[in-house]
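What follows is a single chain, given as structure tokens, in the form predicted on its own.
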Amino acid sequence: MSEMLMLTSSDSIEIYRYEEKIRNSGRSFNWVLVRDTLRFLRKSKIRKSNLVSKYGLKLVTQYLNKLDDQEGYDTIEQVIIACLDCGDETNPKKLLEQLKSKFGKDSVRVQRIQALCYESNNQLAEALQIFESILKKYPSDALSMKRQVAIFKGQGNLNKAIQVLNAYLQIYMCDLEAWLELSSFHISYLSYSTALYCLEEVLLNAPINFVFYIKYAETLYCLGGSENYNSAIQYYTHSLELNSPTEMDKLDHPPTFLPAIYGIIMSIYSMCEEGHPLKESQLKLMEWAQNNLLIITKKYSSNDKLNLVKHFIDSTDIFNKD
């Protein structure tokens, strides 16, 4: 479950500023700046594993005495996870020994890190055993349940992953990313109706995120049928209301609402193919979508891509059907 999903633009700007300051510090190691950077990443729940492993490792090995105890051990955990993300198996083992000497090997905090190290080494049975033992003591431990889901997903055991994720969501019902993950599992099984239920929970938790309205519309489209196509159009158009195309001329990159335009064209075309009568507003919407798709493609793509888009529009044209 992606931890970057809810990254805000202000967080991105702040991270960029920290990275620039670190790069501009030259050969000298500014431990205060690195500490503040890692502190911000922990607070924002952002990984940035390459950055953390590169500079954080030196911080915890050479400047740990500069940090207070609580922050020092929090930083060690952060660096261990970053190193594991980057494929470093040596340094996490050394740092884990420091945690064991402080908290003891039976500490839940240490056991979690130990299980992550097992995962990194592909010792999945050992990792699952640790997570299971933690959950026996603390049945609502979120991290252990999430890691179980990740392991079962990696093994291709989606039934088990769904089972654990359902149990997790009975406790943490407002976890948007978990609902998204569960919807993707059900889509893998072509269980679109159940996936729609999961996505409805996502929309309740993030009612102004246009991306989720597109995902919901795409799932409706996959269900098929004129009623679902019509509903999909409504969700695609609402995503456009949230992600307005009015300032397209000012963009120096392709706009982010293209999936909605493609979705509108395909939904209206599919309704027409099923013989469903179209409203005047839907005909106008189809014309608008086709025209804007051509304009965007001409502005941002090569002639080869433009030819493909023209062919797509011709093949889904409802105005000049034979």
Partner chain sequence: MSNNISITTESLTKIHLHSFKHHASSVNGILLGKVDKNSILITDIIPLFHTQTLLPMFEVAMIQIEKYCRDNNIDIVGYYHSNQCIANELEPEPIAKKIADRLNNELNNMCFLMISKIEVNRPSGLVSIDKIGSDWLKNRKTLITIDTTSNSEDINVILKRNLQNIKESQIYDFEEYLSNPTCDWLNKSLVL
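Throughout, rigid core stands for the largest set of C-alpha atoms superposing within 1.5 Å between the two forms. Positions refer to the first chain, counted from 1. What you are looking at is a predicted structure, and each value in this text was computed from that prediction instead of being measured.
Quick note: we don't show the form predicted in complex with the partner chain, though the next part is all about it.
Interface residue among L99, V108, L169, I187, judged by heavy atoms within 4.5 Å of the partner chain in the model of the complex: I187. Though the partner chain is absent from this view, in the model of the complex it lies within 4.5 Å of a heavy atom of just one residue from Q163, S140, N121, Q155, which is Q155. Partner contacts here mean any heavy atom within 4.5 Å of the partner chain in the model of the complex, and among 275-283, 34-42, 262-270, 59-67 they occur only in 262-270. Taken together, the three residues Y236, T256 and V309 all come within 4.5 Å of the partner chain in the model of the complex, as judged by their closest heavy atom. Residue contact with the partner chain in the model of the complex: K21 places no heavy atom within 4.5 Å of it.
Looking at Y221, you'd find a heavy atom of it within 4.5 angstroms of the partner chain in the model of the complex. In the model of the complex, none of the heavy atoms of N320 sits within 4.5 Å of a heavy atom of the partner chain. In the model of the complex, the partner chain sits beyond 4.5 Å of every heavy atom of R17. After superposition on the rigid core, displacement of the C-alpha of V211 between this form and the one not shown stays below 2 Å. Core-superposed comparison between this form and the one not shown: CA of E201 displaced by less than 2 Å. Core-superposed comparison between this form and the one not shown: the Cα of D175 travels less than 2 Å.
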